[in-house]
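Just one chain follows, in the form predicted alone, and it is written as structure tokens.
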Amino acid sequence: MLLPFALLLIAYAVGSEIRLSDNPNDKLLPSFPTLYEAVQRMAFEPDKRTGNYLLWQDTVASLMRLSIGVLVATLMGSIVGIAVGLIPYVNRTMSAFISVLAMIPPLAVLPILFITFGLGELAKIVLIVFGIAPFMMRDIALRVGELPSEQIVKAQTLGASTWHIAWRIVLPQMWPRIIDALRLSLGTAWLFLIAAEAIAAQSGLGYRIFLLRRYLAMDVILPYVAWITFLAVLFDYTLQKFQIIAFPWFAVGRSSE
């Protein structure tokens, strides 16, 4: 498992050595000591102008936007997805609309969001919601449709209302599938976050990367990209482990398929 990562590091080290041997001032592939010094400067030394530790300031700003956007999108995706998958009238009314909405490139409407909501935090959060909520709605609706129809029929025979069916039968079985949809959406959410921060922000991981690109500061850009990747992998791993611990019946059923 570690072999591809080791080969990538070796290839980078070789490429960096070759370029720096030809031009010691080359900025494209900085050496590992240079990368280490940049991390030390960004993470553990206060900025001379603001006094803030820039890496942690950017991380907090980005995670706040990402968390709010993903939370709102998950709530919307879960509620609408269950309704579309469970209630035929809602399915016939909303299914085509959600499908069309999911086909709109979110980055294409980014200027509209900035015009409508301004350049503050709201536009960035709305972009994340707009980017992943329709996908989650469709995915959860499909998962609801895969539930055995006998469960719904038996509950209706016993006098259960649509609300009771959704709350007592559908939702408990949807929780692990909602986590799956969330895991699949996280990478896309990061993409929209970085894009929004690159265009209009005063802090954030994406803001810092696109600010420093004009100076060709690859010694900072590369560690920032690695840090974003680490955070994304950490979130995905945490969600996966939580799903296994909280819903062991789902993990057993998946392993037996």
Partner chain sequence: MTQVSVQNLWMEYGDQVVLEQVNFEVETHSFVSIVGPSGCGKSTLLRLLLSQEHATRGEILVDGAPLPLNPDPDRGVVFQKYSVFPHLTALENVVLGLELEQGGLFGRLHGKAKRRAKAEALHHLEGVGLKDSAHKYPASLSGGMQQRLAIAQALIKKPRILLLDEPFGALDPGIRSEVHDLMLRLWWETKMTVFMVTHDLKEAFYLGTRVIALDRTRKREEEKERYGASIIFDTPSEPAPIIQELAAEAETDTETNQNT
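Quantities reported herein were computed from a predicted structural model and do not represent experimental measurements. Just so we're on the same page, rigid core means the largest C-alpha set that superposes within 1.5 Å between forms. Positions refer to the first chain, counted from 1.
Beyond what is shown, the protein has a form predicted together with its partner chain; the following relates to that form.
For the candidate set Gly145, Gly118, Pro111, Pro172, a heavy atom within 4.5 Å of its partner chain in the predicted bound form is found for exactly one residue, namely Pro172. Interface residue among Ile179, Leu75, Leu122, Ala155, judged by heavy atoms within 4.5 Å of its partner chain in the predicted bound form: Ala155. Considering its partner chain in the predicted bound form, the lone stretch of 67-75, 89-97, 147-155, 125-133 in range is 147-155 [heavy atom distance within 4.5 Å]. Proximity of Pro248 to its partner chain in the predicted bound form: non-hydrogen atoms within 4.5 Å are present. Taking the partner from the other structure, its partner chain in the predicted bound form has no heavy atom within 4.5 Å of any heavy atom of Leu8. Although the partner is absent here, Leu186 sits far enough away that none of its heavy atoms falls within 4.5 Å of its partner chain in the predicted bound form. In the predicted bound form, none of the heavy atoms of Ala102 sits within 4.5 Å of a heavy atom of its partner chain.
Contact residues in stretch 188-213 (any heavy atom within 4.5 Å of its partner chain, taken in the predicted bound form) are absent; none meets the cut-off. Superposition of the core reveals a Cα shift of less than 2 Å for Ser149 between the shown form and the other one.
Once you line up the core between the shown form and the other one, the Cα of Ile115 stays within less than 2 Å of where it was. For Ile79, a C-alpha deviation below 2 angstroms is recorded between the shown form and the other one after rigid-core alignment.
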